[in-house]
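Shown here is one chain on its own, the form predicted alone, set out as structure tokens.
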């Protein structure tokens, strides 16, 4: 089951290898098998990537937006044509089941490329009349952007970051997570085949030191990171030292509020999507499920029944609904959180341990009677572990939902739409749902508040994060000077 790429890096329009860099093993989480080895970028590789991006960006920005857009649209078409093979690679890289990767990973990336291809030609400035004189504005590309990806949605993230960056005239150097390095290389290959000029999308592999070299380079104008809060704090500080633009999409401990007039079946389905999809490894997951006491028993009963029916197994089998965690270390971390929840007095409803004899599988796990001070109610587990908390009143639920450093996402389930809008307005979160959860169309902005991040990905909002405004004052008469 080999997934070895042609080389470790993709720089200046072609694959590049430098075996002087430390080796990084790519492990298939379902079996523990090493399926590829890439090498960490050496300083020479990092320099080549940044130099090529710097050289290529100016001419790219000077192109007509519609010409840039045609290339991105061709890339989207190629992704859709090859979705079956790309999904299989994503499954090998991440362990996520084909049932997911066929519909949620590369397809979302293709949607982003198509969306920003359509948006780019519509991005214009404005004219500001001042009587005789006037001002006009221009939206300009920032220059060289660095993208740093996470391991849970590696190929989708590469597309979500590169699509607006490239559509708006920037170049990008992308560093995928060292845990899931393969998809970004395929994206670079596809961009080149679609006609993207050399140097505009470069992929370099590596750990934190490579990311550090990228975000502190004076040629870099913008850094976009998807990752944990601690990583985000380090990258944000490094970028700030050079007064660089940043987008930070970080972690969360997001609440789902289920009121007693909600559809139990819908709320249970959403809570499962918000905790078990991708084996719980989704940053926006609603891992604190607040259930009003009137329906607590019915909610937990149906949740236990439906959770027990989840099909786990071989991720390459399309019937499999839930695969392994991404790595043995992540599995150990999640199992430790489960044991802590047990020791702190949470009531185990279902799951609660490792699944299978091999691989990094953990059972879908639900704890009830969780209180706000318990570890699984405060810390991001990033695994298939749901914490169910109960509440009495709307005001109480809102206050407790907001009592966290995080603010990425939130959901509300109720038949009372007036209450739904009122509660959403009071919740401190950047991405919210009413009677739905974890749907992230590329047309809508995505991002968080508080420690969960700054800036937005996707939607028209992304334009502001990959361009800067130039104001031009036009004098239409003689200069009136008092000297």
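Residue numbers count along the first chain shown, from 1. Just so we're clear, the structure is a prediction, and the values are computed from it rather than from any experiment.
The discussion below concerns the form predicted together with nicotinamide-adenine-dinucleotide, not included here.
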property: Interface membership of residue 93, nicotinamide-adenine-dinucleotide in the predicted bound form, 4.5 Å heavy atom rule; result: no
property: 4.5 Å heavy atom contact, residue 234 to nicotinamide-adenine-dinucleotide in the predicted bound form; result: yes
property: 4.5 Å heavy atom contact, residue 283 and nicotinamide-adenine-dinucleotide in the predicted bound form; result: yes
property: Exercise: residue 206 in contact with nicotinamide-adenine-dinucleotide in the predicted bound form, heavy atom 4.5 Å; result: yes
property: Within 4.5 Å of nicotinamide-adenine-dinucleotide in the predicted bound form, all of 50, 143 and 168 (non-hydrogen atom); result: no
property: Heavy atom contact within 4.5 Å of nicotinamide-adenine-dinucleotide in the predicted bound form, the stretch among 187 to 195, 380 to 388, 118 to 126, 67 to 75; result: 380 to 388
property: nicotinamide-adenine-dinucleotide: the contacting residue among 252, 183, 324, 411 in the predicted bound form [heavy atom, 4.5 Å]; result: 252
property: Answer option from 110, 225, 163, 291, heavy atom within 4.5 Å of nicotinamide-adenine-dinucleotide in the predicted bound form; result: 225
property: Stretch 158 to 177 - residues with a heavy atom within 4.5 Å of nicotinamide-adenine-dinucleotide in the predicted bound form; result: 175, 176, 177
